[in-house]
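Just one chain follows, in the form predicted on its own, and it is written as structure tokens.
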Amino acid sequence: MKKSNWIKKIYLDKGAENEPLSRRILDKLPGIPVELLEDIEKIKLELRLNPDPVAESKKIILLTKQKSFLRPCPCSPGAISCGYWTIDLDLNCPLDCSYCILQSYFDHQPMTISINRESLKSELDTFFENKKNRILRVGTGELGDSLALDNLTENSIFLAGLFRGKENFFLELKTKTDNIEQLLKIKALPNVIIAWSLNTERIIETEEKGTANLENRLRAALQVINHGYRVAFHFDPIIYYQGWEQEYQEIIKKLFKLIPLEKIAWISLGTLRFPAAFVKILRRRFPNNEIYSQEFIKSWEGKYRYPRPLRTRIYLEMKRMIAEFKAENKIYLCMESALVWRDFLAENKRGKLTSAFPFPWLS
């Protein structure tokens, strides 16, 4: 995402025009039309009239102020939580993955950059104090890719500074890009984890428009490791199709051939899931998409998922593949039920399973 030729227009929200970050971003984007904005409904109306509001929203940047930034990750009700917290600095994403649930959230929301990020410091100071006796992960990849806009915002540098010296708190920057330039400008910190979402080369090519290919993601991971960072990987969503086992096994082999095991902080697994409202958007934007041709059931929280026996089989097979490289103790499941967790752990635990954190370094 180093090039900016995808940006058609920049809107400056009222009160944001004189903020230092706004000026720095505008200086990096000369020649792109800029308009002062009184009401975001103007942009949303324009997007509603576009044949593809989702695609169009990714070509418009809104620089604005945000009231708050930090919140618990909205884990599916009834799923086992991993205790994750999110920092929402950027809303929407310039990448265009066909399965991305943000399409149902942000079809009329431009690429939104919060320019008052200094306000985040006081929020985090309170958070660090209130949670000082816990070990927690905090990340920015929930409502947009953590690094896709990093050449414009330099948020990675800013955030790393806020987490310096906070050993109990891990900052995770999650991406599908190879945009690591800013991270290499600063000294790596032990509690700043750079994470990549991985998928098969077939899925990357057909379903993850605008992202870095698998080789470039892994090469970028190796670069940040050589700079001193630790890394994490997310196989989410794992997509079931004929031949999936062989293709995911090929990724895992490539991953552990290149990346030292001791530099991997965690690995998550999650299967394809989506709300009912997402189907309408999918049919409109990707009418020939085949990854939704499998059997899905409506699960306990209202999302559509693969049937539980299939999800369990997928997780156990992925666990087996990863265990070949002695990394099974780094795995957790994302937004899964206690029943699937128990099958995955191969243990009939008594009592209530409440944590998705089996990591030794958390003990």
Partner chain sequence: MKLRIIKKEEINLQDKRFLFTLKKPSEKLIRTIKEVGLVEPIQVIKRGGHFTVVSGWKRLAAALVSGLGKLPVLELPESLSDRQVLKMVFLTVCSAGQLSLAEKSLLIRRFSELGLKPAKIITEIMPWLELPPDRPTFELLLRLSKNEEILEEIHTRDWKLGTAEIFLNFSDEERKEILNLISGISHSQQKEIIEWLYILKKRLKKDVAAILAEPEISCLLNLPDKRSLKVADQLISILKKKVSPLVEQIGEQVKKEIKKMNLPPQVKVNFDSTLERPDLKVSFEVSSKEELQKIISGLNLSLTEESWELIFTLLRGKKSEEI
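Not measured: the values here are computed from a predicted model. Residue numbers count along the first chain shown, from 1.
From this point on, the text means the form predicted together with its partner chain, which you will not see here.
When you look in the model of the complex, the only residue of 201, 250, 290, 118 with a non-hydrogen atom within 4.5 Å of its partner chain is 290. Interface residue among 323, 36, 32, 45, judged by heavy atoms within 4.5 Å of its partner chain in the model of the complex: 45. Mapping the unseen interface onto this chain, residue 299 counts among the residues with a heavy atom inside 4.5 Å of its partner chain in the model of the complex.
Taking the partner from the other structure, its partner chain in the model of the complex has a heavy atom within 4.5 Å of a heavy atom of residue 339.
Contact annotation for residue 58: none of its heavy atoms lies within 4.5 Å of its partner chain in the model of the complex. Taking the partner from the other structure, its partner chain in the model of the complex has a heavy atom within 4.5 Å of a heavy atom of residue 308.
Heavy atoms within 4.5 Å of its partner chain in the model of the complex belong, among the stretches 60 to 68, 325 to 333, 47 to 55, 23 to 31, to residues of 47 to 55.
Contacts to its partner chain in the model of the complex (heavy atom within 4.5 Å) from stretch 268 to 287: 280, 283, 284, 286, 287.
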